[in-house]
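Given next, in structure tokens, is a single chain: the form predicted on its own.
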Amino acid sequence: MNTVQQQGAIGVFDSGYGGLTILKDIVKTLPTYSYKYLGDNARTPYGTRSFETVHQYTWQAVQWFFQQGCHLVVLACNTASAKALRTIQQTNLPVLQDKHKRVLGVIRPTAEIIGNYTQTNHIGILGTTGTVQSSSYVLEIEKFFPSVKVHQQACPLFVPLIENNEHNSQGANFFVEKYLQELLNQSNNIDTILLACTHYPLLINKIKNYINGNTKIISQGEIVANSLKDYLLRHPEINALCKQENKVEFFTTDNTTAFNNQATTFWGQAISSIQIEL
């Protein structure tokens, strides 16, 4: 028996605030759709947690989106995409037996085109410890650009600096220079650096101070937004289930006052969020 599927918002998930930089570009590219954003701020950061824990937390969030009527969920978090997406797609979703439920990540869309930016075939990755240890970018980029050499550098202090509003401080310069130097010491041929964490665009101006002008700095928002637009064109059956009411709602698992204050840094304007439990 076929049941009529109700339209729902597009879900966008992150362990905290960083996914707002992705959502901002998605809304810019696809402004007519409705979105629900959830930050799991009560349990952030994900970057240092085990694969099992990240999967558990992420799947709980995805199920919450489904309960809210969302059919399509974007993991706008590199760590969740690296440590949870594959298991969710291959193990969790088939159990639901619902062809209308889809979960996408940020790593594959980026890997599909990142090789087009480099002239030297040497790409640098700046990411969380979890993303780097997963080697997800190394494996995915190799599928699309087997001749490209990927150099990775974990930046464990970038997220705390940003979330404590210290990213514009003089103290942040030390760590930006330190991590960039450690990355660039791996190869003199790196001409493209991917910011493989949704927080890192807030440090882009500082990062540019420590590289030569010919090196490209790539952030993911526009890439993911264009990929989502293409996905919806290629999957009209999913697109038909995505509500288009030009509305964005924000949710957090932690204190809403703190979330609203901090989120402004990433979103660029004031927001009002709702607290939920997973």
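Residues carry their position along the shown sequence, with the first being 1. The structure displayed is predicted, hence computed values, not measured ones.
Although it is not shown, the form predicted in complex with ligand DGL is what the next lines describe.
- [ ] Look at the stretches 127-135, 89-97, 164-172, 183-191 and give the one with heavy atoms within 4.5 Å of ligand DGL in the model of the complex.
- [x] The contacting stretch here is 127-135.
Open item on the list: Please tell me whether the candidate spot formed by Pro45, Thr79 and Val159 is one where all three residues come within 4.5 Å of ligand DGL in the model of the complex (heavy atoms).
Closed with: Yes, the whole candidate spot contacts ligand DGL.
Open item on the list: Residue-level question: is Cys197 within 4.5 Å of ligand DGL in the model of the complex, judged on heavy atoms?
Closed with: Taking the distances in the model of the complex, the answer for Cys197 is yes, it comes within 4.5 Å of ligand DGL.
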